[in-house]
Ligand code: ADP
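Before any questions on how it binds or moves, here is one chain, the form predicted on its own, in C-alpha coordinates.
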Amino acid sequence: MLPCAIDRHTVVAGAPRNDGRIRIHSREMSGDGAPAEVRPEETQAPAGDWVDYLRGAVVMVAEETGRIPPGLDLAVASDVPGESGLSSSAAFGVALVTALERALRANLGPEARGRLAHRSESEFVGVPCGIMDQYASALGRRDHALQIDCRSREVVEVPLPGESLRILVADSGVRRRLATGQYGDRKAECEAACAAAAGGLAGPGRAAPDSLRDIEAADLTTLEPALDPILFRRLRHVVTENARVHAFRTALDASDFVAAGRILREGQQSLRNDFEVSIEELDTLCEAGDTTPGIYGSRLTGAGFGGCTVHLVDQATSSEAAEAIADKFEQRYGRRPRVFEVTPADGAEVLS
(Lines give C-alpha, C1' and ligand atoms only; values in the text may rest on other atoms or scores of the structure.)
Protein backbone atom coordinates (compact mmCIF):
# COMPACT_ATOMS: atom_id res chain seq x y z
CA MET A 1 0.00 0.00 0.00
CA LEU A 2 1.30 3.48 -0.88
CA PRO A 3 -1.33 6.08 0.07
CA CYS A 4 -0.97 9.65 1.26
CA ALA A 5 -3.12 11.96 3.33
CA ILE A 6 -4.35 14.96 1.32
CA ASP A 7 -5.10 18.58 2.12
CA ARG A 8 -8.80 18.03 2.73
CA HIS A 9 -10.05 17.96 6.29
CA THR A 10 -12.66 16.55 8.61
CA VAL A 11 -12.85 18.65 11.78
CA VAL A 12 -14.56 17.59 15.01
CA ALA A 13 -15.00 20.44 17.51
CA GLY A 14 -15.96 19.54 21.07
CA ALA A 15 -17.16 21.19 24.25
CA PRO A 16 -17.75 19.44 27.60
CA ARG A 17 -21.18 18.53 28.97
CA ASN A 18 -21.97 17.70 32.58
CA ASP A 19 -24.64 15.06 31.99
CA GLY A 20 -22.40 12.30 30.55
CA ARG A 21 -24.10 12.34 27.13
CA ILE A 22 -22.38 12.86 23.80
CA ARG A 23 -24.41 14.89 21.33
CA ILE A 24 -23.17 15.21 17.75
CA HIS A 25 -24.19 17.33 14.79
CA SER A 26 -22.64 17.11 11.33
CA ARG A 27 -22.88 19.86 8.77
CA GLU A 28 -22.84 17.28 5.99
CA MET A 29 -24.84 14.40 7.51
CA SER A 30 -27.32 15.97 9.95
CA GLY A 31 -28.57 18.67 7.64
CA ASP A 32 -31.15 20.75 9.50
CA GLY A 33 -31.95 17.91 11.87
CA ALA A 34 -31.40 17.82 15.59
CA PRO A 35 -28.11 16.54 17.02
CA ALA A 36 -27.88 12.79 17.57
CA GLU A 37 -27.18 11.50 21.06
CA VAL A 38 -25.01 8.68 22.41
CA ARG A 39 -24.83 7.63 26.07
CA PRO A 40 -21.29 6.29 26.52
CA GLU A 41 -22.05 4.48 29.78
CA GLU A 42 -24.62 2.27 28.02
CA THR A 43 -23.78 -0.77 25.87
CA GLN A 44 -23.38 0.39 22.29
CA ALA A 45 -24.89 -1.47 19.34
CA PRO A 46 -24.91 -0.48 15.65
CA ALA A 47 -28.04 1.30 14.48
CA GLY A 48 -27.18 1.39 10.77
CA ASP A 49 -26.73 5.15 10.55
CA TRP A 50 -23.79 7.56 10.34
CA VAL A 51 -23.74 7.92 14.14
CA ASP A 52 -22.40 4.33 14.29
CA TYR A 53 -18.95 5.84 13.66
CA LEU A 54 -19.25 7.71 16.97
CA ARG A 55 -20.68 4.70 18.77
CA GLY A 56 -17.84 2.54 17.47
CA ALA A 57 -15.22 5.13 18.43
CA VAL A 58 -16.65 5.30 21.96
CA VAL A 59 -16.43 1.52 22.29
CA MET A 60 -12.87 1.25 20.97
CA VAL A 61 -11.46 4.22 22.92
CA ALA A 62 -13.07 2.99 26.15
CA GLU A 63 -11.63 -0.47 25.58
CA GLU A 64 -8.17 0.93 24.83
CA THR A 65 -7.99 3.37 27.74
CA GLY A 66 -10.16 1.58 30.31
CA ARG A 67 -12.19 4.80 30.71
CA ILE A 68 -15.59 5.87 29.45
CA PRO A 69 -15.46 9.11 27.43
CA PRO A 70 -17.09 12.08 29.18
CA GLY A 71 -20.10 14.08 28.07
CA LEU A 72 -19.47 16.21 25.00
CA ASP A 73 -21.13 18.41 22.44
CA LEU A 74 -19.50 17.61 19.08
CA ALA A 75 -19.79 19.51 15.81
CA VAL A 76 -18.45 17.98 12.60
CA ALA A 77 -17.56 19.66 9.31
CA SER A 78 -15.72 18.14 6.36
CA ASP A 79 -14.58 19.08 2.88
CA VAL A 80 -13.69 15.47 2.01
CA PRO A 81 -16.24 14.32 -0.60
CA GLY A 82 -18.28 11.42 0.76
CA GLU A 83 -18.43 8.01 -0.95
CA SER A 84 -15.83 9.15 -3.46
CA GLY A 85 -12.84 6.92 -2.78
CA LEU A 86 -11.05 9.66 -0.83
CA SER A 87 -11.42 7.95 2.56
CA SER A 88 -14.05 10.27 4.01
CA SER A 89 -15.21 7.61 6.46
CA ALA A 90 -11.65 6.93 7.62
CA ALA A 91 -11.04 10.66 8.13
CA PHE A 92 -14.27 10.88 10.14
CA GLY A 93 -13.37 7.87 12.25
CA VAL A 94 -9.84 9.07 12.99
CA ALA A 95 -11.11 12.57 13.84
CA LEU A 96 -13.65 11.11 16.29
CA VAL A 97 -11.04 8.94 17.99
CA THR A 98 -8.73 11.96 18.26
CA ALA A 99 -11.52 14.07 19.79
CA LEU A 100 -12.35 11.39 22.38
CA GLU A 101 -8.64 10.97 23.12
CA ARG A 102 -8.40 14.70 23.80
CA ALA A 103 -11.51 14.68 26.00
CA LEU A 104 -10.00 11.89 28.12
CA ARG A 105 -6.61 13.63 28.20
CA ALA A 106 -5.16 10.35 26.97
CA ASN A 107 -2.06 9.99 24.80
CA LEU A 108 -2.90 7.31 22.28
CA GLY A 109 -0.57 8.41 19.49
CA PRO A 110 -1.13 8.24 15.72
CA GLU A 111 -0.73 4.46 15.30
CA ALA A 112 -3.37 3.79 17.95
CA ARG A 113 -5.70 6.40 16.44
CA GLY A 114 -5.52 4.63 13.09
CA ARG A 115 -5.89 1.19 14.64
CA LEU A 116 -8.91 2.12 16.77
CA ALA A 117 -10.62 3.96 13.90
CA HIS A 118 -10.10 0.89 11.73
CA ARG A 119 -11.56 -1.40 14.39
CA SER A 120 -14.52 0.93 14.76
CA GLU A 121 -15.27 0.88 11.04
CA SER A 122 -14.56 -2.78 10.36
CA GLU A 123 -15.73 -4.46 13.58
CA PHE A 124 -18.49 -2.12 14.78
CA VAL A 125 -19.86 -0.35 11.70
CA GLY A 126 -19.38 -3.50 9.62
CA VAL A 127 -17.40 -2.25 6.61
CA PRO A 128 -15.01 -5.04 5.48
CA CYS A 129 -12.11 -2.62 5.00
CA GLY A 130 -8.38 -2.85 5.57
CA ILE A 131 -6.38 -0.43 7.68
CA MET A 132 -4.75 1.56 4.87
CA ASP A 133 -7.18 4.50 4.87
CA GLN A 134 -7.19 4.95 8.63
CA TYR A 135 -3.40 4.74 8.79
CA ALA A 136 -3.07 7.33 6.03
CA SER A 137 -5.47 9.65 7.86
CA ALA A 138 -3.67 9.20 11.18
CA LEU A 139 -0.02 8.94 10.17
CA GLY A 140 0.14 11.07 7.04
CA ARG A 141 3.13 13.35 6.60
CA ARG A 142 3.31 16.44 4.45
CA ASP A 143 4.92 15.88 1.02
CA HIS A 144 5.18 12.12 1.63
CA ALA A 145 3.35 8.94 0.76
CA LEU A 146 3.25 6.04 3.22
CA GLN A 147 4.38 2.56 2.29
CA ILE A 148 2.25 0.46 4.62
CA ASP A 149 2.79 -3.21 5.38
CA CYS A 150 -0.74 -4.15 6.41
CA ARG A 151 0.41 -7.38 8.07
CA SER A 152 3.26 -6.07 10.22
CA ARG A 153 1.78 -2.53 10.38
CA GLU A 154 5.21 -1.16 9.51
CA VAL A 155 5.04 2.28 7.87
CA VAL A 156 7.82 3.83 5.78
CA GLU A 157 7.58 7.48 4.72
CA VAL A 158 8.29 7.95 1.00
CA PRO A 159 9.16 11.51 -0.17
CA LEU A 160 7.13 12.87 -3.08
CA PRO A 161 8.94 15.37 -5.32
CA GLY A 162 6.46 18.22 -5.09
CA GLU A 163 8.69 20.57 -7.06
CA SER A 164 8.24 18.36 -10.14
CA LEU A 165 4.91 16.58 -9.71
CA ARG A 166 1.33 17.37 -8.90
CA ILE A 167 -1.56 15.04 -8.08
CA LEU A 168 -4.93 15.65 -9.69
CA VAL A 169 -8.15 14.07 -8.47
CA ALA A 170 -11.15 13.80 -10.78
CA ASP A 171 -14.58 13.08 -9.29
CA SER A 172 -16.80 10.90 -11.47
CA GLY A 173 -19.90 11.97 -9.54
CA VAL A 174 -20.88 8.32 -9.08
CA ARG A 175 -21.26 7.43 -5.40
CA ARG A 176 -20.95 4.03 -3.78
CA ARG A 177 -21.27 2.48 -0.34
CA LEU A 178 -18.79 -0.03 1.04
CA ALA A 179 -20.82 -1.60 3.84
CA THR A 180 -22.82 -3.63 1.35
CA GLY A 181 -22.48 -5.32 -2.01
CA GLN A 182 -19.57 -5.80 -4.32
CA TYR A 183 -16.77 -4.58 -2.07
CA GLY A 184 -17.54 -7.34 0.42
CA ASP A 185 -17.78 -9.77 -2.50
CA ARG A 186 -14.22 -8.96 -3.56
CA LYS A 187 -12.94 -9.58 -0.04
CA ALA A 188 -14.70 -12.95 0.05
CA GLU A 189 -13.35 -13.85 -3.41
CA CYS A 190 -9.80 -13.04 -2.31
CA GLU A 191 -10.20 -15.26 0.73
CA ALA A 192 -11.55 -18.06 -1.46
CA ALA A 193 -8.70 -17.59 -3.93
CA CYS A 194 -6.14 -17.87 -1.14
CA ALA A 195 -7.74 -21.06 0.15
CA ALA A 196 -7.80 -22.54 -3.35
CA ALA A 197 -4.19 -21.53 -3.98
CA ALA A 198 -3.10 -23.26 -0.77
CA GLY A 199 -3.86 -26.63 -2.31
CA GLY A 200 -2.02 -25.78 -5.49
CA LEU A 201 1.16 -24.51 -3.86
CA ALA A 202 1.62 -26.54 -0.69
CA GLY A 203 4.27 -29.20 -0.95
CA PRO A 204 7.70 -30.30 0.24
CA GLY A 205 9.66 -27.31 1.48
CA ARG A 206 6.81 -24.84 1.09
CA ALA A 207 4.04 -23.99 3.49
CA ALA A 208 0.58 -23.12 2.25
CA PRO A 209 0.10 -19.33 1.89
CA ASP A 210 -1.54 -17.54 4.81
CA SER A 211 -2.62 -14.69 2.56
CA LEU A 212 -2.36 -13.63 -1.07
CA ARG A 213 0.76 -11.61 -0.29
CA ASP A 214 2.61 -14.93 0.24
CA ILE A 215 2.05 -15.81 -3.43
CA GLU A 216 4.66 -14.69 -5.93
CA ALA A 217 4.33 -13.73 -9.58
CA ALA A 218 6.21 -16.89 -10.54
CA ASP A 219 3.37 -18.94 -9.01
CA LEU A 220 0.73 -17.55 -11.37
CA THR A 221 1.54 -19.95 -14.19
CA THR A 222 1.07 -22.91 -11.85
CA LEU A 223 -2.13 -21.58 -10.32
CA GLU A 224 -4.00 -20.44 -13.43
CA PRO A 225 -5.15 -23.90 -14.61
CA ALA A 226 -5.92 -24.99 -11.04
CA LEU A 227 -8.23 -22.14 -9.99
CA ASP A 228 -11.68 -21.00 -10.99
CA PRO A 229 -11.13 -18.24 -13.60
CA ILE A 230 -12.76 -15.52 -11.49
CA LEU A 231 -10.78 -16.44 -8.38
CA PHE A 232 -7.58 -16.56 -10.42
CA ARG A 233 -8.17 -13.04 -11.76
CA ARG A 234 -8.77 -11.72 -8.25
CA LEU A 235 -5.57 -13.42 -7.07
CA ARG A 236 -3.56 -12.15 -10.04
CA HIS A 237 -4.65 -8.59 -9.33
CA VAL A 238 -3.49 -8.72 -5.71
CA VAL A 239 -0.18 -10.40 -6.53
CA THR A 240 0.68 -7.98 -9.33
CA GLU A 241 -0.58 -4.97 -7.36
CA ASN A 242 1.77 -5.81 -4.48
CA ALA A 243 4.62 -5.84 -6.97
CA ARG A 244 3.48 -2.53 -8.43
CA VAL A 245 3.67 -0.86 -5.01
CA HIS A 246 7.36 -1.70 -4.73
CA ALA A 247 8.00 -0.76 -8.36
CA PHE A 248 6.22 2.57 -7.94
CA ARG A 249 8.31 3.46 -4.92
CA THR A 250 11.48 2.57 -6.85
CA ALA A 251 10.35 4.83 -9.69
CA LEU A 252 9.68 7.72 -7.31
CA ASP A 253 13.05 7.28 -5.62
CA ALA A 254 14.69 7.53 -9.04
CA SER A 255 12.46 10.45 -10.15
CA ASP A 256 11.43 8.27 -13.09
CA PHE A 257 7.96 9.70 -13.55
CA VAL A 258 7.40 8.00 -16.90
CA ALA A 259 7.83 4.63 -15.21
CA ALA A 260 5.64 5.71 -12.31
CA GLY A 261 2.90 6.69 -14.76
CA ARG A 262 3.16 3.38 -16.59
CA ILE A 263 2.72 1.55 -13.28
CA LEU A 264 -0.42 3.57 -12.55
CA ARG A 265 -1.86 2.66 -15.96
CA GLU A 266 -1.04 -1.01 -15.44
CA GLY A 267 -2.77 -0.85 -12.08
CA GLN A 268 -5.90 0.60 -13.65
CA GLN A 269 -5.96 -2.14 -16.28
CA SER A 270 -5.74 -4.74 -13.53
CA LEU A 271 -8.45 -3.05 -11.48
CA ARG A 272 -10.69 -3.01 -14.55
CA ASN A 273 -10.01 -6.45 -15.99
CA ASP A 274 -8.88 -8.67 -13.11
CA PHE A 275 -10.47 -7.14 -10.02
CA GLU A 276 -13.45 -5.71 -11.94
CA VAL A 277 -14.06 -2.73 -9.68
CA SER A 278 -13.88 0.02 -12.29
CA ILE A 279 -16.90 1.46 -14.07
CA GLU A 280 -17.37 3.27 -17.35
CA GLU A 281 -17.07 6.76 -15.86
CA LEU A 282 -13.81 5.90 -14.09
CA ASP A 283 -12.42 4.33 -17.26
CA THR A 284 -13.36 7.49 -19.16
CA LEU A 285 -11.56 9.74 -16.67
CA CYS A 286 -8.45 7.56 -16.81
CA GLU A 287 -8.48 7.48 -20.61
CA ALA A 288 -8.95 11.25 -20.66
CA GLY A 289 -5.97 11.67 -18.36
CA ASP A 290 -3.73 9.25 -20.20
CA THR A 291 -4.33 11.05 -23.51
CA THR A 292 -3.62 14.49 -22.03
CA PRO A 293 -0.12 15.98 -22.45
CA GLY A 294 1.72 16.33 -19.17
CA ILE A 295 -0.09 13.49 -17.40
CA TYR A 296 2.17 10.51 -16.72
CA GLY A 297 -0.52 8.04 -15.67
CA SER A 298 -3.98 7.58 -14.18
CA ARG A 299 -5.96 5.09 -12.11
CA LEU A 300 -9.00 4.94 -9.90
CA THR A 301 -8.53 5.58 -6.21
CA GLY A 302 -10.31 3.90 -3.34
CA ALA A 303 -12.32 0.72 -3.65
CA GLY A 304 -13.85 1.44 -7.05
CA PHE A 305 -17.48 1.07 -8.19
CA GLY A 306 -17.59 4.88 -8.40
CA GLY A 307 -15.78 7.76 -6.79
CA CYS A 308 -12.59 9.36 -8.07
CA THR A 309 -9.54 8.84 -10.21
CA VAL A 310 -6.02 10.06 -9.47
CA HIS A 311 -3.59 11.44 -12.06
CA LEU A 312 0.15 12.00 -11.78
CA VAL A 313 0.98 15.18 -13.71
CA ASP A 314 3.91 17.45 -14.46
CA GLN A 315 3.56 20.48 -12.21
CA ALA A 316 4.00 22.87 -15.15
CA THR A 317 0.88 21.59 -16.92
CA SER A 318 -1.37 20.76 -13.94
CA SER A 319 -4.03 23.43 -14.52
CA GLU A 320 -4.30 22.81 -18.25
CA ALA A 321 -4.45 19.05 -17.69
CA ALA A 322 -7.29 19.41 -15.19
CA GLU A 323 -9.33 21.40 -17.70
CA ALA A 324 -8.59 18.86 -20.45
CA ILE A 325 -9.83 15.94 -18.33
CA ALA A 326 -13.02 17.81 -17.45
CA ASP A 327 -13.58 18.79 -21.10
CA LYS A 328 -13.27 15.22 -22.37
CA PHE A 329 -15.57 13.84 -19.69
CA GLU A 330 -18.17 16.56 -20.31
CA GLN A 331 -18.14 15.87 -24.04
CA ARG A 332 -19.14 12.26 -23.35
CA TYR A 333 -21.57 12.61 -20.44
CA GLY A 334 -22.91 16.15 -20.72
CA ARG A 335 -21.86 17.09 -17.20
CA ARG A 336 -18.62 18.57 -15.99
CA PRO A 337 -16.69 16.67 -13.29
CA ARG A 338 -14.80 18.38 -10.54
CA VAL A 339 -11.05 18.02 -11.15
CA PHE A 340 -8.79 19.45 -8.48
CA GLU A 341 -5.21 19.38 -7.28
CA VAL A 342 -4.33 17.84 -3.92
CA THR A 343 -1.17 18.03 -1.84
CA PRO A 344 0.15 15.28 0.46
CA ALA A 345 -0.56 16.48 3.99
CA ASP A 346 -0.04 15.69 7.65
CA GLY A 347 -2.41 13.32 9.43
CA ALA A 348 -4.79 13.93 12.31
CA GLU A 349 -3.82 16.32 15.08
CA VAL A 350 -5.39 18.14 18.00
CA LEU A 351 -6.19 21.78 17.26
CA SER A 352 -6.47 23.94 20.35
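Numbering starts at 1 and follows the sequence shown. Everything numeric here is computed off the predicted structure, so don't read it as measured data.
Keep in mind that the form predicted together with the named molecule is missing from the display, and what follows is about it.
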> Among the candidate residues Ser172, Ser278, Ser270, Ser78, which is the single one with a non-hydrogen atom no more than 4.5 Å from the named molecule in the predicted complex?
Replying inline: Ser78
> Among the candidate residues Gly184, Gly71, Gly200, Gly82, which is the single one with a non-hydrogen atom no more than 4.5 Å from the named molecule in the predicted complex?
Replying inline: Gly82
> Using 4.5 Å between non-hydrogen atoms, is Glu28 touching the named molecule in the predicted complex?
Replying inline: yes
> Would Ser89 show up as a contact with the named molecule in the predicted complex if we use heavy atoms at 4.5 Å?
Replying inline: yes
>> Is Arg115 part of the interface with the named molecule in the predicted complex - any heavy atom within 4.5 Å?
In response: no
>> I'd like to know whether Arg236 contacts the named molecule in the predicted complex, with contact meaning heavy atoms within 4.5 angstroms.
In response: no
> Pick from 283 to 291, 62 to 70, 34 to 42, 49 to 57: which stretch has non-hydrogen atoms within 4.5 Å of the named molecule in the predicted complex?
Replying inline: 49 to 57
